[in-house]
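We've got the same protein chain twice here, in two forms, each standing alone as structure tokens: structure 1 and structure 2.
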Structure 1
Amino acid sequence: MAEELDRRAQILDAAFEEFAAKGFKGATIKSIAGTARLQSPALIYWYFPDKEALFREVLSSRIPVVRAVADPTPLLDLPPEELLPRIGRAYFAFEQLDTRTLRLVVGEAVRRPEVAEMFVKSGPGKVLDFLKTYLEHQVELGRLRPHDVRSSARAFMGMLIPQLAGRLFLPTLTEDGLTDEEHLKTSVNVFLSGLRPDS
């Protein structure tokens, strides 16, 4: 049709779909070629040396980099009441980290340490590191009581996970109808009440 412009990108897109839907082993060169509407699967080997390399390229081209904390310095002085919901919403929104990407990454990460590390470093690790720095700073400012920020950073990130996992993979988990925004609000509230200086 249209995009004979960039065959490479066309193949990468199709490979992403297939890998996300069926996993590395489940997706086949043939099915990828089919999705990419190629006349022959052989064409894939013109652009990529083998299936493994294609997979790696898909990963590195699709794993999103968390932009919410790209430049953390201006965020450090924001009050937690403002910053935490912001992080949380970026979390839930996942502008680019959609279901398919997460499916792809999580599905492979449980068995491939390199993928796991790539994933952590690209997103959760950064958010976690930022949160540790931020929370530490807030403690110094006296806005939060002293505590182990390694733990509270994990805790805040984690509080939102069941809701997110429910929406993405485990719908049974969120059958009680709680919305993202409601959950975020309550979570931030509990978290901050628990870390108030006077508590």
Structure 2
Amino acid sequence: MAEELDRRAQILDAAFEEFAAKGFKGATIKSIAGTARLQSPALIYWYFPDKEALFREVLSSRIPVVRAVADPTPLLDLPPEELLPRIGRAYFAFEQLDTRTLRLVVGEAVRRPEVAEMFVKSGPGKVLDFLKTYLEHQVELGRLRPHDVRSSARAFMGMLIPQLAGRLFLPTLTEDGLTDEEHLKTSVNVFLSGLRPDS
């Protein structure tokens, strides 16, 4: 089992190197197998059905917020006051991506709409799906009042975007000195105050 996990990680690392250097289109299963020092490119298909699935896994394994919800089962019963800040911190960690990962994500998304769609499904889409499931479960537990969880999941993530965008692209949004933790604390409080069951 450990050997299989090591081999899978070896393939993911090699795939990242190839995708980062050559892009999605330029990297091939054969070149990835060579970088991973595999005897045969066919071994990659033991772990991943195709190059697209491998690319999705490379992206999701390197994006902190996606890693944070990779194993959702133990997270579902956590109270919102504990889980939502955890998601927010992982979301804000996006800027900690190394420049090659950032270039790969942005470059491929700009060049190829299908890659952008693939990224959304394996990244933000996966996080939104988790949040919808989590919020629905919190409603069932009585911690949150019944509501449209599709909208509330988007609303929560939307509350975080200006803070991250301010640090990454639009510094004037964060000129007031608001820290990530201050923003996150207020966002979670505002979000939950609208969703707590009536007394």
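By rigid core we mean the largest C-alpha set that fits within 1.5 Å across both forms. Numbering for residues begins at 1 and runs along the sequence of structure 1. The structure presented is a predicted model; accordingly, all values stated were derived computationally and were not measured.
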{"property": "Between structure 1 and structure 2, the form predicted alone", "result": "2"}
{"property": "Shift of Val149 between structures 1 and 2 at or above 2 Å (CA, core fit)", "result": "no"}
{"property": "CA of Phe55, rigid core aligned, shift of 2 Å or more between structures 1 and 2", "result": "yes"}
{"property": "Core-superposed comparison between structures 1 and 2, Gly26 Cα displacement 2 Å or beyond", "result": "yes"}
{"property": "Per-residue C-alpha deviation between structures 1 and 2 [Glu17; rigid core superposition; Å]", "result": "12.0"}
